[in-house]
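Single chain ahead, by itself, as structure tokens, in the form predicted alone.
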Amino acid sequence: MTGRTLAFFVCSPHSRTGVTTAARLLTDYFLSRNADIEGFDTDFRDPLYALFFPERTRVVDLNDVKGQISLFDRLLVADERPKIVDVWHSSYERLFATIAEIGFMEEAQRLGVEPVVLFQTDIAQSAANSALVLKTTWPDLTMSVIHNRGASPLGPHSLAVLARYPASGKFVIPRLEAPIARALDDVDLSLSRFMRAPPPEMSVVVRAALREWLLPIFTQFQSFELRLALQSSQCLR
């Protein structure tokens, strides 16, 4: 990824779709690869994402000009550090309205920053419509969807639901059994460190289940990262 700075917007216009889980997983993926990431939590009322990464994440209020400056000025720094924005559903409209108002996409392209939208799917048609608005407004925007089977199951017609989204790729986060999922609630549990050395006090059953769950997710992120790098190299020819 040399010479490129990725700015990820993990988002959904609806609550309880798994946005923070996806932002956390993406952050831990990069940390597992020793990347120096920078995170932003737009839920200024209950910033859960920031609790998982207190030293790497800042909380921003997009209803405040200072918060907007704190976010967008940093996102436009082309320092090759992945930037990850956990977009609170209540901040969704404000975020993309501000992006349009300030010409963020055009400025990012000029500075060598590549915005990437990771859109969380859900069963509502309005979610897919919101994704379509983004893609229509910015046709060259890199967008992939994330289907969190535990947070937002799509039912028996999942393929038809996913087909509504104008995305170039798809990630799947499998469902976890409740006793295993509860382990993820621990804000002191670093998933990147877990992959190297699981906590010795953790149940061996939980340990095995978490590793089995995490490995394919991290593999999906790695494939996506490599695909972006390949696309970039082709554009430079």
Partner chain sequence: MAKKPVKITREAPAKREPESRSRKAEAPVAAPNGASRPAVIVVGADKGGVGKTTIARAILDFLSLNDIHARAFDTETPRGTLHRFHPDETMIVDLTEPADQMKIIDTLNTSKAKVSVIDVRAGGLSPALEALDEIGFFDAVKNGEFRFVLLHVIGPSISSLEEIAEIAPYVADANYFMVKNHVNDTTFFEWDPQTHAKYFEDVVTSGEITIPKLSELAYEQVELSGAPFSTFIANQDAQGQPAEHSFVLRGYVRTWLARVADEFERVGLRELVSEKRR
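Positions refer to the first chain, counted from 1. Given the structure is predicted, the values throughout are model-derived calculations rather than measurements.
Only in words, not in the display: the form predicted together with its partner chain, which the text now covers.
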(request) Would you kindly say which of Leu76, Leu141, Ile123, Leu162 lies with a heavy atom within 4.5 Å of its partner chain in the predicted complex? (result) Leu76
(request) With its partner chain left out of view, choose which of Ala178, Val204, Val187, Ile69 has a non-hydrogen atom within 4.5 angstroms of it in the predicted complex. (result) Ile69
(message) Using a 4.5 Å heavy atom cut-off, which of 99-107, 112-120, 148-156, 128-136 contacts its partner chain in the predicted complex?
(response) 99-107
(message) I'd like to check something about Val65: if you look in the predicted complex, is any of its heavy atoms closer than or equal to 4.5 Å to a heavy atom of its partner chain?
(response) yes
